[in-house]
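Below you will find one chain, with nothing else, as structure tokens; this is the form predicted on its own, and questions on how it binds or moves follow later.
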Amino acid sequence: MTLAVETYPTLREAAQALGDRARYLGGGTLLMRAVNYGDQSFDRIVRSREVDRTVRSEGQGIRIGAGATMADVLASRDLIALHSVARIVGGPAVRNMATVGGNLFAASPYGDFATALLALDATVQMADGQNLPMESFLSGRARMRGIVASVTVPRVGEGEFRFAKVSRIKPKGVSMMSLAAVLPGVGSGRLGDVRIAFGTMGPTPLRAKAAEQALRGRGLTDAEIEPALKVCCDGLQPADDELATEWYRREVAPVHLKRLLLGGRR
């Protein structure tokens, strides 16, 4: 396969150059693997000299440049809530290259960072200026032809964000399942508008909306979270793969959600 590599001054120009046979090169951890395995679905690689790795406060949230790597996330005090997520993305070499923008396009069983951003209700800013809620972005990802410029993450209170990765190989195995939850009001004893997201439980990260509804106004006790555990797989689309079967994922999802909600208590 012959590949053409094109470099443009800005993200907007690179986005305009994309087409059905072109792929954008950011950190390269996903694209170069496809190249090495002889993926025939593209014959052009598009790059940009404009690489935004900045992390800064913006309004009520934190703006993360799409070119920021997992190592950049770990180095940011503003993103301390996301350190536990960035830390489980590969090893040091991968974290030095894997970008926030690239993780949004990672197919299952990858994309743990995107799962966390979905729970956090992040907003995606595209190079053409369009702003998309994370849920809308992920649902349309298969048809996406633009380039992500940045992601804005709302601030959360201390202890309100929780994340867990379930893998068969420690510490760097790919996820059999990942879970993220935002629990407003957890300190008061009564939860507000809860958001829960699962990774590897569908073609993209998905919200467990029935469980969210069941938790609102409740506390985090065994008895009060039981209704949410019973419906946590409603609307999810787990599949059979080399890591686990659909049946197994549905069986263990309530177990891992319970552990997440109770903070490790059984």
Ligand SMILES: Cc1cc2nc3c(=O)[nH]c(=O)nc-3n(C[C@H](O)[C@H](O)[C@H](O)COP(=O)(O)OP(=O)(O)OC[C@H]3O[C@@H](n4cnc5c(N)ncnc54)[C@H](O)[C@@H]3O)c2cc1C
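These figures come from a predicted structure and were not determined experimentally. The numbering used is simple: start at 1 and walk along the sequence shown.
The protein also exists as the form predicted together with the ligand; that form is not presented, and the subsequent description refers to it.
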Worksheet item: in the predicted complex, does residue 23 have a heavy atom within 4.5 Å of the ligand?
Response: yes
Worksheet item: Would residue 166 sit within 4.5 Å of the ligand in the predicted complex, counting heavy atoms only?
Response: no
Worksheet entry | is_contact(residue 157, the ligand) in the predicted complex, heavy atom dist at most 4.5 Å | no
Discussion item. Even though the partner isn't displayed, in the predicted complex is residue 27 close enough to the ligand, meaning a heavy atom within 4.5 Å?
Written reply: yes
Practice prompt. Could you tell me which of 192-200, 179-187, 81-89, 128-136 sits within 4.5 Å of the ligand in the predicted complex, going by non-hydrogen atoms?
Written response: 81-89
Discussion item. I need to confirm a contact call. Of 208, 70, 228, 64, which residue comes within 4.5 Å of the ligand in the predicted complex, counting heavy atoms only?
Written reply: 70
Worksheet item: Within 4.5 Å of the ligand in the predicted complex: all of 161, 235 and 252, by heavy atom?
Response: no
Response to the item:
Restricting to 142-163, the residues within 4.5 Å of the ligand in the predicted complex through any heavy atom are 146, 147, 148
